[in-house]
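Taking the form predicted alone, here's one chain by itself in structure tokens.
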Amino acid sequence: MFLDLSDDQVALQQGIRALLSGRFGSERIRAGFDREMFDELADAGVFSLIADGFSWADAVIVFEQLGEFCVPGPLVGSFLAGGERITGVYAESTRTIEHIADLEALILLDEEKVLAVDLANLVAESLDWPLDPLTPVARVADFGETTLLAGIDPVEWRQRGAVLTAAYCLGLSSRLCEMSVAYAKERLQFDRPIGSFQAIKHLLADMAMRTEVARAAVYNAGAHLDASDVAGLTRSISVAKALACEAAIRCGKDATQVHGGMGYTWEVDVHLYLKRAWVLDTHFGSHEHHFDHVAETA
């Protein structure tokens, strides 16, 4: 399976990166998700890639860039639902609803079916201290009325959601690596850049290695989605989700260590990436869950 990016995919990658770097800087990201942010992404075609004739491998590239900029919001749910409305996804693995105040639709992902939730009758309590400050969450007390969405395969939704989430986590890992390398070159200790010290070199090398291994796995899973008749689809997805989530979490911890005392402060973006990685690890199966699946199918 050929995983190198084509010229068109490189252009797509550069285009979405230019959009995000121009409009989604740290200050705006820290302001949180809102309708204007969703509309800008929708107008750029982020949520309609498949309908517009792009592949799942292309979607992986786009979500990797969204992760690099730590863009908040119910991005995966909105993508899977077609991108016309801000859509959240509730699954038993998370037991919470994210960005409930902004949602225009909510999907209940059961083991055997996909249900639409009537938001008007939904009873949920917002939590005061979410793990990720840019991802408000609410605990459900009562779903009220639900409607079966016929013709939608919950297994496919979980698979596609897992790959897109893995791609986002890959982006988190990649940017954490970039930020750490840049800081290690600038930060001086004993009149030397801290990046010249062997302990820091080892951390940075480990971060780069984990990121590149995860990148190969995520790109492979995207290619498998486009060729679903190829053997090993389920396994490739589990490998991608496991490696990408683990890489994002471990790179977040290592980046915090590289940044030293500054890594724990609100002013440095590292903690936002680490917290987002922790949250996304609960979506569509944790990295431990997917590692177990890989072991069972070995």
Partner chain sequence: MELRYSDSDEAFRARLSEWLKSELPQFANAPHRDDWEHRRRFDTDWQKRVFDAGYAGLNWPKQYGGADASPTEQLIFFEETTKAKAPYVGVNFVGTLHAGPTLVEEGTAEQKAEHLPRILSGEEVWCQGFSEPNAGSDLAGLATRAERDGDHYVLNGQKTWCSFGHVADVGEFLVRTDQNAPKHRGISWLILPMDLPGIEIRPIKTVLGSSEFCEVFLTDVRVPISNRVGEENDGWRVTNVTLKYERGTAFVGELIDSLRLCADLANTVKDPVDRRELGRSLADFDALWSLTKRNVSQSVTGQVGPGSMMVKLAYSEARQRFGELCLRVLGRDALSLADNELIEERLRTQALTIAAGASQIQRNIISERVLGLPREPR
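Just so it is clear, the model here is predicted, and its values are computed rather than measured. Positions refer to the first chain, counted from 1.
There is another form of the same protein, the form predicted in complex with the partner chain; it is not shown, and what comes next is about it.
Only one of 116, 184, 100, 140 comes within 4.5 Å of the partner chain in the predicted complex through a heavy atom, and that residue is 184. When contacts are defined as a non-hydrogen atom within 4.5 Å, none of 34, 41 and 134 contacts the partner chain in the predicted complex.
In the predicted complex, the partner chain stays beyond 4.5 Å of every heavy atom belonging to residue 262.
Although the partner is absent from this view, residue 226 contacts the partner chain in the predicted complex, with a non-hydrogen atom inside 4.5 angstroms.
At a distance threshold of 4.5 angstroms between non-hydrogen atoms, residue 95 is out of contact with the partner chain in the predicted complex. Taking non-hydrogen atoms only, residue 80 never approaches the partner chain to within 4.5 angstroms in the predicted complex. With the partner chain left out of view, the stretch that reaches within 4.5 Å of it through heavy atoms in the predicted complex is, among 72-80, 160-168, 102-110, 214-222, 214-222. Interface residues of 176-198, taken as those with a heavy atom within 4.5 Å of the partner chain in the predicted complex (partner not displayed): 181, 184, 185, 193, 195, 196, 198, in sequence order.
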